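What follows is one chain in structure tokens, specifically the form predicted on its own.
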Amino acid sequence: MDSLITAAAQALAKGNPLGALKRIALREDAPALALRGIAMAQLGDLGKAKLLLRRAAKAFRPHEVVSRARCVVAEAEIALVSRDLTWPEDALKDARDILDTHNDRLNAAHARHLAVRRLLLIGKLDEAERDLRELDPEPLPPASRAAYELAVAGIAMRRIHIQAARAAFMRAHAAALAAGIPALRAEVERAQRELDAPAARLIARSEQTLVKLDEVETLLASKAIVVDACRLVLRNSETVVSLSRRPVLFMLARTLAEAWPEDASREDLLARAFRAKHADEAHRARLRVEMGRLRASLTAVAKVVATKRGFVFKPPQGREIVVMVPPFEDENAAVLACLADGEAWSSSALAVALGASERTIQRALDGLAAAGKVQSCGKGRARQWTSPPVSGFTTSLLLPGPLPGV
């Protein structure tokens, strides 16, 4: 490797893309193309960066498999930043195996970090944890150590293990400082601030309060019965009952919980669960049937008792009932939660992240665009969507993936 390539690589490792380009901007050989691609990625020109890396991968000779694998890893990182979640996972895995085989532990670890971050985005926490366990963080240099700790913190936040998340963020911050890369330090600090932002609203005895993630963690560990509108489940410290596939039953439970300790009238229950404007005998008969189903579903959590006016929750002695709802409620809150990271998403990437069809996502985006909540850029397959971040809120509870015990 010549001295200019070495100097450019060192500049990139320190987060100085302009310093790297100053040395190799006019060169067309494979190593220079690869470094120029990474430099352009650091400068934010992801389209040009991807083209340069592909040219570099083709320019390396057949036996230079490690260099080709590094180009694949860099291209995968660009795909992740671009929220192109349809990028082939197998290519990244093959590249990681090549790097492992040739003892390039640092880039192999980076490839594993990218895979973990993709799994986090699409809510596959178990798989993300399994991949992360295969990585020993001790020998990693500061920049890679920061990326590792960010992944640990991300998983802990999604599992509502907030003390573990805070500890991981502190380690990530220390590693970012040691790396001396301003962009990395800014990324850690931005992610860390989500811990102190409101994550949900609690409704208890007709009063509403905003709560942070650590308060959610405390609530979930308490004896309270939580009607969780973020995941459509009812839970206490021992039991979780999912009603995610039974939205009518969940809405009946939520209406009862919001009225507790008073009863909810039949009119309110019919209006919220069935959108019935005028209750007739058919509606009342259906309500009795659905209430029977709700009683059967919630036997391990609370009783549902009929009153003259309607129905009321009867929790076990000494237990409170609270309702936990997103900080902002919208029919397409999950789409907005993904877009709140400030990146531009394609509809296909949103479909992968949320486990929905592209048609469903497109309908949601069209509705949000008509309401002025999202905006698009580009046309056809290159069309991407963004939304202004929801200032002061974290969207962790709106993103895909299970909460503890689900």
Partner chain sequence: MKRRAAEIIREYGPFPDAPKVNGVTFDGERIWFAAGASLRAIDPESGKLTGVIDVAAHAGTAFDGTHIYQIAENRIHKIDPKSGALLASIPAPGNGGDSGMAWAEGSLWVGEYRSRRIHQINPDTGALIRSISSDRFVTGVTWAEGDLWHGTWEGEESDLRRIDPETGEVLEKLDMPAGTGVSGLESDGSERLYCGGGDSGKVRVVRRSRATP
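Residue numbers count along the first chain shown, from 1. No experiment lies behind these values; they were computed from the predicted model shown.
The same protein also has a form predicted in complex with the partner chain, omitted here; what follows describes it.
Item to check | Partner proximity in the model of the complex: residue 65 to the partner chain, non-hydrogen atom cutoff 4.5 Å | outcome: Taking the distances in the model of the complex, the answer for residue 65 is yes, it comes within 4.5 Å of the partner chain.
Checklist entry - Looking at the partner-bound form in the model of the complex, is residue 356 within 4.5 Å of the partner chain by any heavy atom? => result Contact with the partner chain, no.
Next on the checklist: Against the partner chain in the model of the complex, would residue 379 count as a contact residue? Criterion: heavy atoms within 4.5 Å.
Outcome noted: Contact check for residue 379: no, nothing within 4.5 Å of the partner chain in the model of the complex.
Checklist entry - Looking at the partner-bound form in the model of the complex, is residue 27 within 4.5 Å of the partner chain by any heavy atom? => result Residue 27: yes, in contact with the partner chain in the model of the complex.
Checklist entry - Based on heavy atom distances of at most 4.5 Å to the partner chain in the model of the complex, which listed stretch, 357 to 365, 54 to 62, 343 to 351, 371 to 379, is the contact stretch? => result Looking at the other structure, the answer is 54 to 62.
Checklist entry - in the model of the complex, which of the listed residues (93, 102, 309, 303) lies with a heavy atom within 4.5 Å of the partner chain? => result Contact with the partner chain in the model of the complex is made by 102 alone.
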